[in-house]
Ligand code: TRP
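Heads up, the chain below is alone and in the form predicted alone; it's given as structure tokens.
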């Protein structure tokens, strides 16, 4: 949990190439894309899950760091 105790932990995405897409997906009965960002090599995005965001899809080569560990994409 984060410092406020609400469970909205932060995670970090670092692009390993130009054009990495970070796509936020909504909560609710119908999952939809609601936000996209494009990162270039070396750019870092700090994000968190919210009342509106239930999942994040990442396209491209990136490193994702969470409290659970580090994930390195293979695309």
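This structure is a prediction, so every number in the text was calculated from the model and none was measured. Numbering follows the first chain given and starts at 1.
The next section is about a form of this same protein that is not shown, the form predicted in complex with this ligand.
Participant: At 4.5 angstroms, heavy atoms only, are 35, 45 and 50 all close to this ligand in the predicted complex?
Facilitator: Yes, the whole candidate spot contacts this ligand.
Participant: Taking the shortest heavy atom distance, is residue 60 within 4.5 Å of this ligand in the predicted complex?
Facilitator: No, residue 60 stays farther than 4.5 Å from this ligand in the predicted complex.
Participant: Taking this ligand as it sits in the predicted complex, is residue 22 near enough to touch it, meaning that at least one heavy atom pair lies within 4.5 angstroms?
Facilitator: Looking in the predicted complex, residue contacts with this ligand include residue 22, since a heavy atom lies within 4.5 Å.
Participant: Is the gap between residue 64 and this ligand in the predicted complex 4.5 Å or less for some heavy atom pair?
Facilitator: Looking in the predicted complex, residue contacts with this ligand do not include residue 64, since no heavy atom lies within 4.5 Å.
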